[in-house]
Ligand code: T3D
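Next comes just one chain, in structure tokens: the form predicted on its own.
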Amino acid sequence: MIEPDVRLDVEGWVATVALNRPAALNALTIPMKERLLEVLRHLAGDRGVRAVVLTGAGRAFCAGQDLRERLEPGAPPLGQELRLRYNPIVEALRALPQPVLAAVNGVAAGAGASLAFACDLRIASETASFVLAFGRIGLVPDSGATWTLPRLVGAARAAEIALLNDPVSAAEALRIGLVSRVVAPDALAVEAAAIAARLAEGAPAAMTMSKRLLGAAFDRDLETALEAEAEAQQAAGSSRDHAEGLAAFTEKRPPAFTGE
């Protein structure tokens, strides 16, 4: 049986999406991108999934675009490829109602780095690294990197990463805030599962609204952000999950959120 190039495994409330071309460092092909988008769109409508982990099989997270595919006759123009495949993937990642954790197990290069940047949280193996690398082949950062990276590490650091094309080690990524945790390689899957389980224990609607508020933070002034918080809090405060949270607090027990 041939393994799919994008694996989806669901255990409890947590879905793990694994890019699965380990021999090619999970470099992205057209069928792989189409499958990834299909998986993300499926997860968006799955109320049984409350947290998503995105990772790579083998020793890499994702090496970005498979450049051999770009050399094939009839390869679509790059702008078309971005609009048809890469941009919808990034938009789908950002639009997922569930929080998404990137578990970066090795190199995340080019569009692979962009995918990690588009997730809500990132943890990394000690052997992981991030490199945009577009400039090395005469291209510009894409797949949302020019939008996500400055928001994660600031304008000056983002410019250095994008223009100098030097790899960022896991330790440096932690220092500059690109990732929130760095763990030993053999502990990454366990740590990712533990974080995802904690995310999945939260009230789903409140988690989605929190994600949306944080995602819009750099595009709003304070007055607009305050009003957006008030609207979201009104909705959250009217939910059954809020009532359950209050009851659990009073009764000194863990809450059992249902998403209602």
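Every value quoted in this text rests on a predicted model; they were computed, and no experiment measured them. One rule holds for the numbers: they count along the sequence shown, beginning at 1.
Just so it is clear, the following notes concern the form predicted in complex with this ligand, a form of the same protein that is not shown.
At a distance threshold of 4.5 angstroms between non-hydrogen atoms, R68 is in contact with this ligand in the predicted complex. When contacts are judged by a 4.5 Å heavy atom cut-off, R198 does not count as touching this ligand in the predicted complex. At least one heavy atom of R59 is located within 4.5 Å of this ligand in the predicted complex. Although the partner is absent here, R136 is a contact residue: one of its heavy atoms lies within 4.5 angstroms of this ligand in the predicted complex. Of the residues E81, E172, D120, E160, just one reaches this ligand in the predicted complex with a heavy atom at 4.5 Å or closer; this is E81. The contact residue chosen from L54, A27, V49, L40 relative to this ligand in the predicted complex is A27, the criterion being a non-hydrogen atom within 4.5 angstroms. Within 4.5 Å of this ligand in the predicted complex, a heavy atom is found for every one of A23, V107 and A111. Figure note: of the listed segments 136-144, 175-183, 120-128, 96-104, the one touching this ligand in the predicted complex, with heavy atoms no more than 4.5 Å away, is 136-144.
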